[in-house]
Every structure is written in structure tokens, then in C-alpha cells.
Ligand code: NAP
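To begin, one chain is listed below as C-alpha cells, in the form predicted on its own.
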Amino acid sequence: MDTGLTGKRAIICAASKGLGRACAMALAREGVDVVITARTVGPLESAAAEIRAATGVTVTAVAGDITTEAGRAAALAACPEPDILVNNAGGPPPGDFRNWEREDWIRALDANMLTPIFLIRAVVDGMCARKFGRIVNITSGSVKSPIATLGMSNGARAGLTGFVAGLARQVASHNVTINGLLPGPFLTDRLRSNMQAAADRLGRPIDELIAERGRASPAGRVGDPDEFGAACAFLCAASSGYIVGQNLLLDGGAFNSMMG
């Protein structure tokens, strides 16, 4: 399909690897000039070079912590009038809520709720004025089906989802959409790292554990990050302006519900 995105500009957060990188590559393939952010310079520059070589678009790498004011300012300085914003950040650690202090909760809220809100605030009025904007928040399947050990993630991401539910309806008439992408397990470096730790602990092959994780979903496998990127490009397409305030779950059917 023709997404109508050629020549648009995007900011994609946490895009040096994993799902953020997949979204950046998918948008670049549609002719979008992208600004990608991440904390670590080496992997970020490597991702930028790969996307640039594969697509020929302008790719700007901005190293920094997007959860800080300085990190957000740097990204916005590189692309002050984005047509597309993809919010993304790693989730807080698992654990028992009895062990979490106020500072732990604040870090989780800063990364997974407040940073996306501040970035949206910085760009949404300009999008409305230009009569085009696509904002995609990468959250988690736990927004629909909470995971007991991920209480901070459940709470912070659900807070963002609730905020967006109201704002999305306020800006939709300006051809600005805000939607969520909710991943289940995808074959990213983070999943491999977690599975490797489990494999080492259990004395089993990592590929065996990944296959077992995949069999937990009706699809019988874990997701390919390219599939996630394609879903992001679809939500950002010019023809997707009637998709407003939705949360698209990509988990291979693991969440069992008639109503999504």
C-alpha cells in the first residue's frame, strides 16, 4: 500500500535496536526522514548507518537520555516540527511492589508515562496547525493483560494510555492521531538477553526456551520485529487518519478476548 509518507519527518525514541529500530526502518522505507534517539552512541550510529544505507533517507542520530529534559530538547532541536512521533522506552524492572520505594516509581513514571506526555505536548499543536500528525506510543501487552511482577510497568503505561484516550479525541479533527502499539514477546536483543539468563540458570539451550515462549501464543512463535515496524508504519499512514485512540495488541493472539 502507498502510505503517503514520502518526505515526512519523524522522531523515533529508543531506536538503536529492538522495536524502536524496527519502527525507524519501516518508516524510512516509506520515505520518511528520521531522527533516532538512544543513550549509547555506538549502537545508535550503527543503526543510523544501516537505515541510511537501506533506504537512502536522511537519518539523524541524537544520543541522549530521552527521559531527561536535555535529551528531549536535543531530539526536538534536530526535528522541531515532526510529522510523526514514536514514543518508546525500556520498561522498569520486575519485582514485588513491597520492595519499591518512591524513587523507583518516579523513575518508572518519568520513562513510561511523563516523557511521552512531554514529547506529545511539544509537538502536537504544530501537528494540528499543519493538519497532519501521527503519534504512536509503544507500550506493552500488559496494558490489556497486567503481569503481576511488572507492577511499575503496568501502572505507568496504563497511566499514559488513559491520558492519551482523552487527548486523542481532542486532536483527531485536525488529522492528528494518537494510538498505542502493545507488543507481546518479540525476538529482540532484550528478549534474547532474558532468555539467555534463564537458559544459563536452567542449563538448557536458549533457542529451546524461545520456542517454548512462542508456543504459549496461538501463533506458535514469538514476533519478528519487522512485523512490529510494519504495524507502526500502517498506523502512521496518511490513510489511517480514522484510527483514533486505539491500542493495537501484537502478541500472536495470546490475550484471549472477544473485545480486544
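The first residue of the sequence shown is number 1, and the count goes up from there. Fair warning: this is a prediction, and the values are worked out from it, not measured in the lab.
What follows is about the form predicted together with the ligand, which we do not show.
- Checked against the ligand in the predicted complex, the candidates 125, 81, 189, 104 yield a single residue with a heavy atom inside 4.5 Å, and that residue is 189.
- The contact with the ligand in the predicted complex, taken as any heavy atom within 4.5 Å, belongs to 67 out of 217, 67, 60, 55.
- Comment: 178-186 is the region of 96-104, 160-168, 116-124, 178-186 lying near the ligand in the predicted complex, near meaning a non-hydrogen atom within 4.5 Å.
- Relative to the ligand in the predicted complex, residues 16, 89 and 139 are all within 4.5 Å by at least one heavy atom.
- In the predicted complex, the ligand stays beyond 4.5 Å of every heavy atom belonging to residue 46.
- Residue contact check for residue 38: one or more of its heavy atoms lie within 4.5 Å of the ligand in the predicted complex.
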